Every structure is written in structure tokens, then in C-alpha cells.
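Only one chain is included here, represented as C-alpha cells and corresponding to the form predicted alone.
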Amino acid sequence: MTRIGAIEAGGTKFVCGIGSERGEIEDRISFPTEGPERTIGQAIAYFKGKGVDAIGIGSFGPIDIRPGSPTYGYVTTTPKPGWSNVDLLGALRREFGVPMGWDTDVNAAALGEATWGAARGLSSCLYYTVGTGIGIGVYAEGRLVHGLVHPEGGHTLPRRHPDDAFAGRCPYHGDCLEGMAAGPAIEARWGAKGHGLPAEHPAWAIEAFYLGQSIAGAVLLNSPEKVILGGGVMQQAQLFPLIRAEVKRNLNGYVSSREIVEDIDGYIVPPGLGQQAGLCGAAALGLAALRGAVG
């Protein structure tokens, strides 16, 4: 039986697991993201002796995903202390002689959802993770989108909500989407974490304003067949109807697709893989690497 190692390498915690080629996670472990040496060492220790056939890594970024680059496999300009220019993929390759898949954590989640989750059977989807940061994974025409680097839609610059004077929290851009709508922005703006705010709090209308604006722009630019919203902030179920309404308001009837006009509840959805989306996505990366190696 094929055994796929999976690493969801997040800025807050690493989740490692063993998955099957059907996307079933059979075992998992998580630990805080500390310094690179300790954290990568824990991941290596977990996989030793487990007989994996491949490993997939979905990592927080930015990362280098260009195979011909001298820093391919590195975490690059991250604000995460101690992690800039860390050769994460290389450290694993030096320990395990198996095929390895490597991409951003959100691209991995998009692939997992397209393989086994809410976008299964579709040729395109977008995956947003809204938590400590905001990342956007893009799956189009049956493959993950790469280019100059990888999609960084969390750092696009939105229009401001007319009642929002918050300066923004992004260390690079201030009031980009992540700076205005990620978990730390909610806490800094309102003085409490999102899970501590009631469903009727005005925070959620402002949150939906920014996310809905981004999704409407992404629909116009990428025309995805499904939009999937995950991450800790999206555990607030009241956000989904607010975001859907904002998307429709922004599109204003211009995109006349049935999915938008008649069934937006089935178009903008939570992950079909639930809290396992990131880890299953990493397994999907590993499986793709294995199939590429043998096929």
C-alpha cells in the first residue's frame, strides 16, 4: 500500500502525517513552529522508519518554487523570525531518498480540494486561507498556477471600507488585504481575537467587505469554478453569507453565471476536507511527485 508523507508547514505550527493515495490521513502529529533547526528536526524524526514512498510539503511563504533556481526549496523573504533563506526542502531531501512535492501551503490546499474535496471533478478553484495571514492558492486548467513566483493574493491592495480608519498590520504593505483582514488585524483593530467577538459585532461586516472585494476581483481575473474559504478566521460561520453578499454586490450582475446568480451558497464554500485540507493537500503534492517519478 502506498504511504505518502505530508507536511503542512505553517508559520504557527507544523502538522506532519501519513496519507494514502485516496487522501485518507492515517496518522498525524503537530508541534509549534520554532527555530528552523528544531522544527525541521522534529519533522525528520517523525518520518524516520515510517517507510514513506513520497513526501509532500505545503509551506508558509514566500518560498522558491522554481526548480532551476539555486534557492529552489527555500523559504525566502518571510517575516517569520529566523526562517528567511532556510533550505526546508533540501534538509528533507538529505534525509529521505524519495520523490518530494513542494509548494505553498495554500496551493497545496487547493490541490487537495481539487483532488478529494469541494472542487473534486472541476478543472479550477481558488483556495483562501484566512488566519494569521491570508494566502490564496490557484488551481487552473487542471494544475497549480506558478509563474514569476507563486500567487500572493493576500497582499493585493483593497479599497478601504468607508468606516475603517485602521492603519493595517502588514509589515510590508500596511493596509493590504492581509494587513486589513487577517487574524492579527482583527485583534489589533478590535482589541480581541476573532473567536472572542460575537456574531453580530461590526467586525464581521468589515471583514466581509475586504474578503468579498478580493473574491470578486479574483472571479473576474481567474474565473474559478469554485471558491473555497478556510483558515481560523473562517471558522466564524456568520462570515459566509456576508461574504457571498459582498461578492454579489461587487460583481453587480456583470458575471451572469448561474453559480453566482442562483447558487452562490454552493459556489463560495468551506473546505470539503475540513480542518484536514492543508495536510491532505500536502499528501496530494507528494502523490503527484510520486506519480511523476514513476510515470
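Because the structure is a prediction, the values reported are computed rather than measured. Throughout, we count residues from 1 along the sequence that is shown.
Beyond the structure shown, there is the form predicted in complex with a further copy of the same chain, which is absent from this document and is the topic of what follows.
Enquirer: So which of 78, 132, 115, 124 reaches within 4.5 angstroms of a further copy of the same chain in the predicted complex, heavy atom to heavy atom?
Expert: Checking each option against a further copy of the same chain in the predicted complex, the one that comes within 4.5 Å is 124.
Enquirer: So which of 136, 89, 181, 119 reaches within 4.5 angstroms of a further copy of the same chain in the predicted complex, heavy atom to heavy atom?
Expert: Here the answer is residue option 136.
Enquirer: When a further copy of the same chain is placed as it is in the predicted complex, are 12, 42 and 193 each within 4.5 Å of it, taking any non-hydrogen atom of the residue?
Expert: Negative, none of the three is within 4.5 Å.
Enquirer: Answer for residue 250 alone: is it within 4.5 Å of a further copy of the same chain in the predicted complex, judged on heavy atom distances?
Expert: It does: once a further copy of the same chain is placed as it appears in the predicted complex, residue 250 has a heavy atom within 4.5 Å of it.
Enquirer: Does a further copy of the same chain get within 4.5 angstroms of any non-hydrogen atom of residue 229 in the predicted complex?
Expert: Contact check for residue 229: no, nothing within 4.5 Å of a further copy of the same chain in the predicted complex.
Enquirer: Is residue 71 a contact residue for a further copy of the same chain in the predicted complex, using a 4.5 Å heavy atom cut-off?
Expert: No, no contact at 4.5 Å.
Enquirer: Can residue 53 be called a contact residue for a further copy of the same chain in the predicted complex at 4.5 Å between heavy atoms?
Expert: No, no contact at 4.5 Å.
Enquirer: Residues in which of 94 to 102, 197 to 205, 81 to 89, 166 to 174 have heavy atoms within 4.5 Å of a further copy of the same chain in the predicted complex?
Expert: This holds for exactly one stretch, 166 to 174.
Enquirer: Can you name the residues of 215 to 247 that have a heavy atom within 4.5 Å of a further copy of the same chain in the predicted complex?
Expert: Contacts from 215 to 247: 217, 218, 220, 221, 222, 223, 224, 225.
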